Every structure is written in structure tokens, then in C-alpha cells.
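The data below hold one chain only, encoded as C-alpha cells and taken in the form predicted alone.
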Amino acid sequence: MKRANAASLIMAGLSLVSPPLAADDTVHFPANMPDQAGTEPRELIIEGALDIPQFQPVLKAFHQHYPDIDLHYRNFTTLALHQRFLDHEGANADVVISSAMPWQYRLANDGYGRALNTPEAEAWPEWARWRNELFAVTFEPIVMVYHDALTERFEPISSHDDLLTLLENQREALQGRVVTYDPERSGAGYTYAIQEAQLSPRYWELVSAMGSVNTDLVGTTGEMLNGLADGDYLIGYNLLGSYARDFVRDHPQLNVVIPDDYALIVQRPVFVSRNAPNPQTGELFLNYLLSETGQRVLAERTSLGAVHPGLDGEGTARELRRRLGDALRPIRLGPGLLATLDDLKRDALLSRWQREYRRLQDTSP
């Protein structure tokens, strides 16, 4: 097996030792075994960067299909998940799922994935799988979220150009009232930054404009949403749409916007570890995620979005494509993701990001 190179181990100098998991970062579905002497439950360990409220409906539905499996799920941040996998050489979990697409692709490319040879795997769209070892199972737009208080003073935003114009024209009023990912601390934030830098000719103008209003830089979508709900921020940029959609149901003062000029789409790649302690149950779970049954749970009981080509309607990739058309920009699951983890390219992008972010901070509004 190939070993991950220094770039993935160093993570641009970040310290990624995983802290002990809190109780709300784990969920356990105990095996419900028939009363038969000598019968032992099967075990399944899943580790991911996917918050439990979003993933629990899928876990619960799977356990209802296979009640004899003792199921454990552990949730981490994207980079901590990746480092933990490397620290244990993949022997700590059967299945790994994360929105940090480059890091997931890196692990599969380095030989850590186990091939799944089932009809469901063979039928999976080619644009959403790699060598039957890595499968993108969700379809999640990256969104903006704004507080009602914003539209009490300014026009609502519906695109990146709208946001840039607002930041440039209302620099003083928006000081400290905008929040986004810190690309140095967040694998997801870095992924979005490098994709947008390639996609939008005005991206660096937007970064400078965010710096000019002293935009807060945080590590998770959850931090952004909580700050927006509390009224600390008026605008959140580049949030995971799946998390945002669930959150705003309980916070009607918040509004989700899928930008109508372009919208990044992130997919959560998942694989069974080659060194999985329970490979059979790992493969069973991955196959469930690829099945029409499992994908229907994603579409109907979560906000994660179903990829399965046989599904249509709300919560599916097909419906989102029909609604937004050419504005969708899915992050492609392929070798291009590896280039985003090259040390020199990463350092260059992060250096420019910080330079552009600070460029207008010393000029008067």
C-alpha cells in the first residue's frame, strides 16, 4: 500500500491530534439479537465529518434493516478525521465519510480503499465514483445565509456579485458582521477557496472585500449558523447548504440563498477502509448508501441530497439540476483534487488569500 505523503501528514503545519470525543459526537445503535445461544452480534464502526443530526436518519434506517449489527458512529472535523485515519492506518474504522473531497480522494488514491463489487456499485454514476473504491453519495450546494436584519437596511443578496457590491458599498456598516470559513483551519474552507479561485475571475476581489469588513474566520458551518442566529452576524458566506437548510427551519429570522450566478456543489465521498476491522459490515453499509433504498432516506429524511440517478423530486441531484441548471458547479471527483493538496500550490493559495484579505484593511472606508 502507498503511504500518504508529507503534505497530508503536515496539513500545512496544523496540529491535528484529535481531542477525546464528547458524548454528543458519538451515536450507538446496539445490536438487537435473537435469544440464541452462541450468537454474536456483528459490529460496524463508521467515522466521519458529518454532524449526527444530519446523518442519524440514515444510520437509524440502516440499523432497522440490520438490527443484528452493533453500530457505532463517531463525528470529527474534516482535518482531524483525516489525521486520525492516518495515525491508525485505517484500522480504527470500517467506513469513512467526509466533505473534504481532496483528502478523501488522497486516501483512496494512496491505496486505503477497499473495492466494492456489487450491482449497486457498478451502476453508480461514473462522475461520482473512482475505481469502485470511492463513492460520492450526497449532493450539497454551498450557500450564503443572511439575517432578516440585513434586509431591513439593505437589498437582499442573491449572487456573489450582489455580495461583493454590498460589501464594497456598506463597508462601515458591515464591520464584524460577516462570517466565513478560515481556509487555513478548515479542510472544507480550503477546498471551496481553491475551487472558487479557479472558477470566478472576481473571487480575489470578494476576499479583499470580506477582509475590508473584518469578516470573522471560523472552522465550521455550525459556528457560522449559531452566530447568525444570535445576531452577531448579518451574512454568512460559503456554508454547507445541507446544514443550513435544517438550521433555518428552527430559526425563521435566517434566509438561505443558493447563489444564482454559480453554486459550488460538494459531495461526501465515502469508502471502506482496506484495514477495516469489520470489512463485511463496512461493505454492507456502503452498499446500502448506494442503493435506491438508502438514497431515498437521504432525499426524504435529510438535507444531504441524493445522487442516485433513479430518484427524482425534492432532495435529489436531478431536481436541483432542473431548478438551477448551468449555475451548478459540482466539485469533480477525480485526479484534479490531488493538485489542491500539493504543498507549493497550497502555500501559494493560502499566502495569496491572506494577502488579499488584508489588502484593504488599512485603508479608510
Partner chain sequence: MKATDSLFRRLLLWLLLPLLALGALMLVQAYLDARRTADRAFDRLLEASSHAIAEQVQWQDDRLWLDLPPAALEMLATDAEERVFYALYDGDGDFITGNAALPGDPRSNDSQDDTLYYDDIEWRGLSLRQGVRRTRLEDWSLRERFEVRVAHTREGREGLTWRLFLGNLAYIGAMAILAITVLLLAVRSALRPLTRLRRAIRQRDPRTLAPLDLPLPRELAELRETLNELLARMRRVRANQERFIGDASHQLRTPLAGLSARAELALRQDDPQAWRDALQAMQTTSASTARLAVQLLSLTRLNNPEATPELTPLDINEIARQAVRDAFNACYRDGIDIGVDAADGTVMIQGIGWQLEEALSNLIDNARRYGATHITVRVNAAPPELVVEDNGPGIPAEQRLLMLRPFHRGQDGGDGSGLGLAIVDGIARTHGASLLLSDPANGSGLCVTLRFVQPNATRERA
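Numbering follows the first chain given and starts at 1. Keep in mind that this is a model prediction, so the values were computed, not measured.
FYI, the form predicted together with its partner chain isn't displayed, but the following is about it.
Open item on the list: Would you classify N214 as touching its partner chain in the predicted complex, given a 4.5 Å non-hydrogen atom cut-off?
Closed with: Judged by the heavy-atom cut-off of 4.5 Å, N214 is well away from its partner chain in the predicted complex.
Task: Contact of K60 with its partner chain in the predicted complex (heavy atom, 4.5 Å) - done: Contact with its partner chain, no.
Open item on the list: So in the predicted complex, is its partner chain close enough to P41 to count as touching (4.5 Å, heavy atoms)?
Closed with: Contact with its partner chain, no.
Open item on the list: Taking its partner chain as it sits in the predicted complex, is E196 near enough to touch it, meaning that at least one heavy atom pair lies within 4.5 angstroms?
Closed with: Contact check for E196: no, nothing within 4.5 Å of its partner chain in the predicted complex.
TODO: Taking 4.5 Å between heavy atoms as the contact cutoff, choose which of E205, D161, D110, E120 touches its partner chain in the predicted complex.
DONE: When its partner chain is considered in the predicted complex, the option within 4.5 Å is D110.
Task: Contacting member of D246, E133, D182, E283, with respect to its partner chain in the predicted complex [4.5 Å, heavy atom] - done: After the contact test, the surviving option is E133.
Task: Site test, R301, E319 and L324 vs its partner chain in the predicted complex, non-hydrogen atom cutoff 4.5 Å - done: No, none of the three is in contact.
Open item on the list: Please pick out the stretch from 311-319, 336-344, 292-300, 52-60 that is in contact with its partner chain in the predicted complex, where contact means heavy atoms within 4.5 Å.
Closed with: Answer to the contact question: 336-344.
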